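Only one chain is included here, represented as structure tokens and corresponding to the form predicted alone.
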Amino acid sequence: MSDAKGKTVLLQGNEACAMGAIFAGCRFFGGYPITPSTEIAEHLARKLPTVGGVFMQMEDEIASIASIIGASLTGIKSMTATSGPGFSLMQENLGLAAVLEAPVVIVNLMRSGASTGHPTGTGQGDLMQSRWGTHSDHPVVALAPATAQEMFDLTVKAFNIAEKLRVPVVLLPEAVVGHIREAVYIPAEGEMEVINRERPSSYDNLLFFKRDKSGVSHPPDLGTGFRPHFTGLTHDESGFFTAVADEVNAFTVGLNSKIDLHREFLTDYCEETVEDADILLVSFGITARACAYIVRALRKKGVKAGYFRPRIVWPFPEERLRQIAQHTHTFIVPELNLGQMRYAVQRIVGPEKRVVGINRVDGAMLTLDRLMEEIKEALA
């Protein structure tokens, strides 16, 4: 990768993701091969040893996420990559990462269908799972790249968010974004911000999990001389289990408040011609690229259409969507599932607004012709 820095190169989306991880400082990958994410593992298997990192193929996806949590607790930036059923297997340990406040990145290349489904088909059916897949109240951030360039850029951003807030971060590209080949600019050293976790040199009364003013705790890395106690149980500021009601409440609320306290940092969206839009196309990932084209075509025909694409889908950029909803009467939500983002949009804009879904779940993308046809029907 050093030869590519400061240059534009032709890359597959999965390769761009792997290169973004190395640029961000990832030095451990634990994973298990699964279509359509395997190229990430293959690329990192070749490249990580050249930068002093470690690639480890695990026996399954449960062990994969467990391994990156362990590596993260020692201070190493860590990542895994999977798809569909593998992401489902990771859900319990995703919750563990949230409770341990272990910064990890999980790349979930979305394919089509429940269970084993359609492994070589593309889809967007894991949107809700990325937020609500693991049990109870927990913090998580999910980013949705739409291009090979964003596979690089948002992988770096995913690591930055994980390190700054000490949360698990999910990258949600579709299979087609992982396999697309496009020009990708690789920034030179120092050209893109890379955030490393805060490492205090001392702790008052060994309260390793005491939160700072920004709501983040900064437990020490294992092996640095401190002796923190890490547990998946509800714990007090010392890190040990507590069943005291006030302490359990403080732990749960504090753990989740990191998202709300950093809303500005976690708001990332693209929009086009929304100021006077009567109709707004809301989508994410690869489907949003078609939506942008459609909006420009509608504008040429005199239709006041706009385009809104969250790049960080969780937390959803609710405030901005509500602002747009003040003057927009119809929201059209194309997606490669049966309406997962549509539910979120309807909740945000309210029942008085018209929200129309355009859906496809056969493993292929929504075509421009079908989008235009269904949008015309919705506007008739």
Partner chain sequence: MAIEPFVKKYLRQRVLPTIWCGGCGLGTAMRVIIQALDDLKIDQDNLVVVSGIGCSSRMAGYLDANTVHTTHGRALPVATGIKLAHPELEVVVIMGDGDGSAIGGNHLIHASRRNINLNVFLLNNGNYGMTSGQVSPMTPHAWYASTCPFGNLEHAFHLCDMVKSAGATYIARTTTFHYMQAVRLAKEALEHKGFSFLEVYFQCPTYFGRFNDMKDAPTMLQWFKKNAVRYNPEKPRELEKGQFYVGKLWEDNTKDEYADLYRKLCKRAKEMMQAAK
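Bear in mind that the values here come from a model prediction, so they are computed numbers and not experimental data. Residue numbers count along the first chain shown, from 1.
One more form of this protein, predicted in complex with the partner chain, exists but is not displayed; see below.
Residues of just one listed stretch (326-334, 43-51, 347-355, 311-319) have heavy atoms within 4.5 Å of the partner chain in the predicted complex: 43-51.
Contact annotation for His229: at least one heavy atom lies within 4.5 Å of the partner chain in the predicted complex.
In the predicted complex, Ser67 approaches the partner chain with a heavy atom inside 4.5 Å. Gly223 belongs to the set of residues with a heavy atom inside 4.5 Å of the partner chain in the predicted complex.
At the 4.5 Å threshold, heavy atoms of Tyr343 stay clear of the partner chain in the predicted complex, well away from it. Taking a 4.5 Å heavy atom cutoff to the partner chain in the predicted complex, the contact residue among Ala71, Ala102, Val140, Ile186 is Ala71. This chain is drawn without the partner chain; in the predicted complex, the residue among Ser130, Thr80, Gln124, Asn93 with a heavy atom within 4.5 Å of it is Asn93. Residues from 231-250 that approach the partner chain in the predicted complex with a non-hydrogen atom closer than or equal to 4.5 Å are Thr231, Gly232, Leu233, Phe240, Phe241, in the order they occur in the chain.
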